[in-house]
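Just one chain is shown here, as structure tokens, and it is the form predicted alone.
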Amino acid sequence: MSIKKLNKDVFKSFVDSMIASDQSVVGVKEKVQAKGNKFAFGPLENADQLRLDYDVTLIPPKKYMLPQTETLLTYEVKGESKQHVDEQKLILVGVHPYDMIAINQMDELFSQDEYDTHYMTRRNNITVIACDVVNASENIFASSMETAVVEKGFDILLTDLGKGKEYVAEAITEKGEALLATAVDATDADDKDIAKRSAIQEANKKDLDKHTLNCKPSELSSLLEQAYEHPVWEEKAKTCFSCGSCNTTCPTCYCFDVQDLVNWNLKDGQRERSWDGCLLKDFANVAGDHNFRKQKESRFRHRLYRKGKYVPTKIGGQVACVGCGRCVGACVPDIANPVAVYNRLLEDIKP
């Protein structure tokens, strides 16, 4: 596929042309807040709103593949039901490598076993434009998790070669190639451009590491084999609020709850699913009001085991933590950092 170079004006025109197309376009925008401005994905009205120099978004882009709440079907009581599948085409601009890797994991999870039509239809209608990290967030540890760069899953990868003045754009799919072809006046990237991009990516492999994991991610599963009764779970959970912020900000958490809601007329209703999280106290509640993870420490432990052991077993060893650091920033009692827990286990246990 092709690799192009776009200067600032060409890139701006490229983004504006996407916005003017028949597809919805969302990208990273700055959100003005009282305690410092943050970034979030949202609909783009013009190219000037797009911020590719952001550090990290408040919520990961998984929300466009798996919305916080969605209607799966509508039904009539004692009657027929109709499945609802979102087929809207969307261009998603500015996905960081770690978030792209998280999406790749979810693609694999939602397509295996019972194929999830709702997720996969939405995913297949999204064109993803990823971008290499320009500014590291205060809690990122993507380098430790080997997620600082990404090679697949996206349609186009953008790399800022210098303060937004010019970009290298590589299309690796037919969708990406067709979209990049609309970038009028883009030129072919030369060897020097490719070398600059490689240097940026190599630096990110080392520098996006505010919390260093003291082992390879692939070693976590064997470490956790020996840590189930370790005291760290109870120690950390003592101050846990069971708020679920670590779950809802995590790009690899995909658990959801499904409910049938009957309308006030008692004649029809809808089936909805919404995000759920293993740190919430009612997450493991089942029939008979039995809760098989009633204690906070068991829920806290499950989250770390899910990331380092359970999900890797399902998807070929891929650790379900991509080092975005969102959970670290969202946790009020400062106990959610996976690196801090794993490093504590490494100190006490020889894997």
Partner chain sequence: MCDCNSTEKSIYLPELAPITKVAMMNETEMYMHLDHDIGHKPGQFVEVSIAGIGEAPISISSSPTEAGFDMVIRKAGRVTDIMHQMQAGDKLGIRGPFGSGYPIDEMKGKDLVFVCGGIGLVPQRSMINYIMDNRADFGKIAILQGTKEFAQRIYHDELERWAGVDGVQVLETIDVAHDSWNGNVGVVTTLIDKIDGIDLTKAVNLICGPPIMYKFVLMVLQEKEVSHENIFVNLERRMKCGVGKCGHCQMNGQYVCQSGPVYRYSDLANIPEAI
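Bear in mind the structure is a predicted one, so any value in this text is a computation, not a measurement. Positions refer to the first chain, counted from 1.
There is another form of the same protein, the form predicted together with its partner chain; it is not shown, and what comes next is about it.
Within this chain, Leu72 lines the site of its partner chain in the predicted bound form, having a heavy atom no more than 4.5 Å away. A residue is said to contact a partner when one of its heavy atoms sits within 4.5 Å of a partner heavy atom; Lys296 fails this definition for its partner chain in the predicted bound form, lying far away.
Its partner chain is not shown here, but in the predicted bound form it comes within 4.5 Å of a heavy atom of Arg271. Residue contact with its partner chain in the predicted bound form: Pro231 places no heavy atom within 4.5 Å of it. Judged by heavy atoms within 4.5 Å of its partner chain in the predicted bound form, the contact stretch among the candidates 156-164, 141-149, 82-90, 202-210 is 82-90. A heavy atom within 4.5 Å of its partner chain in the predicted bound form is found for one listed residue only; from Glu235, Asp107, Glu219, Glu177, this is Asp107.
Proximity to its partner chain in the predicted bound form, taken as a non-hydrogen atom within 4.5 angstroms, holds for one residue of Asn135, Gln259, Ser198, Thr182, which is Gln259. Residues Tyr310, Lys314 are the members of 309-328 with a non-hydrogen atom no more than 4.5 angstroms from its partner chain in the predicted bound form.
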